[in-house]
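Read the single chain below, which is given as structure tokens and is the form predicted on its own.
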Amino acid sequence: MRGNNVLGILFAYVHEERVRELTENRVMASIPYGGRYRLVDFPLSNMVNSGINKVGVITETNYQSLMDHLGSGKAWDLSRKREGLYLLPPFGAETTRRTDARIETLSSIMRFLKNSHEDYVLLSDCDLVANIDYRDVFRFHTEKNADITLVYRRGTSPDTDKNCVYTIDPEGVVRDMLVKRGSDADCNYGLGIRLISKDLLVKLVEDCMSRNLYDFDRDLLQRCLPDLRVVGYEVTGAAYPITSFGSYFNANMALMDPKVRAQLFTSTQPIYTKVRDDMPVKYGLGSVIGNSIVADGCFIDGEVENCVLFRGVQVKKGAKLKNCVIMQDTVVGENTRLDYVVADKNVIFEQDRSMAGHQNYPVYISKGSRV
């Protein structure tokens, strides 16, 4: 199996309710991450690096920022006369969806699926920060003669009531599956990535729709376990599912570890994103920077420690930031102190302000606020 024989499908909106603070005005896929990226950059770059040259991005609501970010797909080499990037709005479907209505969503894009010449489909959510070589998944799927391959990770479940947990035998075959479960001990939890043949996917979706079944995990995957050969592919590298606001904060803070950065950002498997030409970072004479990620276009004249600063952030003289995630074009006024704060885009902190959260409960400041 080669990447050019695989159609990529990204669910841009799935699991938005888990991080409602960040998805109030944007779709899950367009949540900013790591100073210059969006969550969609990771699965989309993984697909492109694995040879997939046709990707459909399924949207629902609040997808204006996602459209602006993706554009024609040029940054991912998906701006092409044939194939390339397709934005799939919720045409032919209800505007109010159930919590998990991926079957209904796939039914609404059935014409797109049937008109695609690829023989396989790679389905992926956009709530995972990871660098995965899908070519290994393709080989595993072929070697195991699988009908469906589920990508999972072994470890402590990031959320005890929102994950799929798999029981996998030594041959890699999935024998049992628990939906919306987890475990405090080590378990095999799903990462929201599935590989399946196109014809089988179409057949299963049409069967579920005819039976009024809409939950992808429960009504499609769990129901077909006895009849199909379903296998699990384990991801062992750095992987951060965004299952809550706290997990989003921790995923950003994990970038302070050089080992994590080395696994997420490699020269052979780069993560692409929309280019924003900006000046280099300007550091004032009194600035102090320690163990932080600072994007281009920032102006730092205060103290920054253990922080992620996005493009265009200004830290004025006397300001002290520690353990913060500060998004694009935010201004931190003079003598302001922030600790465990996540500030969305275009926030203005006036001078002499003080705000502190906790590692387990960082403070969130919504987009465009003035503090």
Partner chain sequence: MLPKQEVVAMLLAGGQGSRLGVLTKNLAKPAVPFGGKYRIIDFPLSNCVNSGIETVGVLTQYQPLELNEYIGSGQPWDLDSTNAGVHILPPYQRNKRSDWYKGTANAICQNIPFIERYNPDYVVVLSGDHIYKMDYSQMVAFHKEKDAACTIAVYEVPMEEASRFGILNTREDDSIYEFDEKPKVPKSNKASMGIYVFSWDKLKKYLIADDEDPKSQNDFGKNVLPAMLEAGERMFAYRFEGYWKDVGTIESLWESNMDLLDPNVSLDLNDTEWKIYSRNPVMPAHYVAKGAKVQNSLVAEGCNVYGEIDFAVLFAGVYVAPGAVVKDSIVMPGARIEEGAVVQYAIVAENSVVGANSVVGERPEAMENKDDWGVAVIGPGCTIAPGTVVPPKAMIDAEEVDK
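Numbering follows the first chain given and starts at 1. Everything numeric here is computed off the predicted structure, so don't read it as measured data.
Below: the form predicted in complex with its partner chain, not depicted.
- Options 291-299, 168-176, 108-116, 201-209; stretch whose heavy atom lies within 4.5 Å of its partner chain in the predicted bound form: That would be 291-299.
- Between the options Y86, F140, F245, F265, which residue brings a heavy atom to within 4.5 Å of its partner chain in the predicted bound form? Contact residue from the list: F265.
- Query: Among D227, D278, D77, E234, which has any heavy atom within 4.5 Å of its partner chain in the predicted bound form?
  - Reply: Comparing distances to its partner chain in the predicted bound form, the residue within 4.5 Å is D278.
- Item | Triple contact flag R18, Y214 and P241 to its partner chain in the predicted bound form, non-hydrogen atom at 4.5 angstroms | Heavy-atom distance to its partner chain in the predicted bound form: none of the three under 4.5 Å.
- Task: Would you please decide whether G34 lies within 4.5 angstroms of its partner chain in the predicted bound form, comparing each non-hydrogen atom pair?
- Result: Close contact exists here: in the predicted bound form, G34 approaches its partner chain to within 4.5 Å, heavy atoms only.
- Task: Determine whether any heavy atom of E303 comes within 4.5 Å of a heavy atom of its partner chain in the predicted bound form, and answer yes or no.
- Result: Residue-level check for E303: no, no contact with its partner chain.
- Message: Taking any heavy atom pair closer than or equal to 4.5 Å as contact, tell me whether I148 reaches its partner chain in the predicted bound form.
- Response: No, no contact at 4.5 Å.
- Query: Using 4.5 Å between non-hydrogen atoms, is R135 touching its partner chain in the predicted bound form?
  - Reply: No, R135 sits far enough from its partner chain in the predicted bound form that none of its heavy atoms falls within 4.5 Å.
- From first to last in sequence, which residues of 252-286 have any non-hydrogen atom within 4.5 angstroms of its partner chain in the predicted bound form? Going through 252-286 in order - heavy atoms within 4.5 Å of its partner chain in the predicted bound form - the hits are M256, P258, R261, F265, P270, I271, Y272, V275, R276, D277, D278, M279, P280, V281, K282, Y283, G284, L285, G286.
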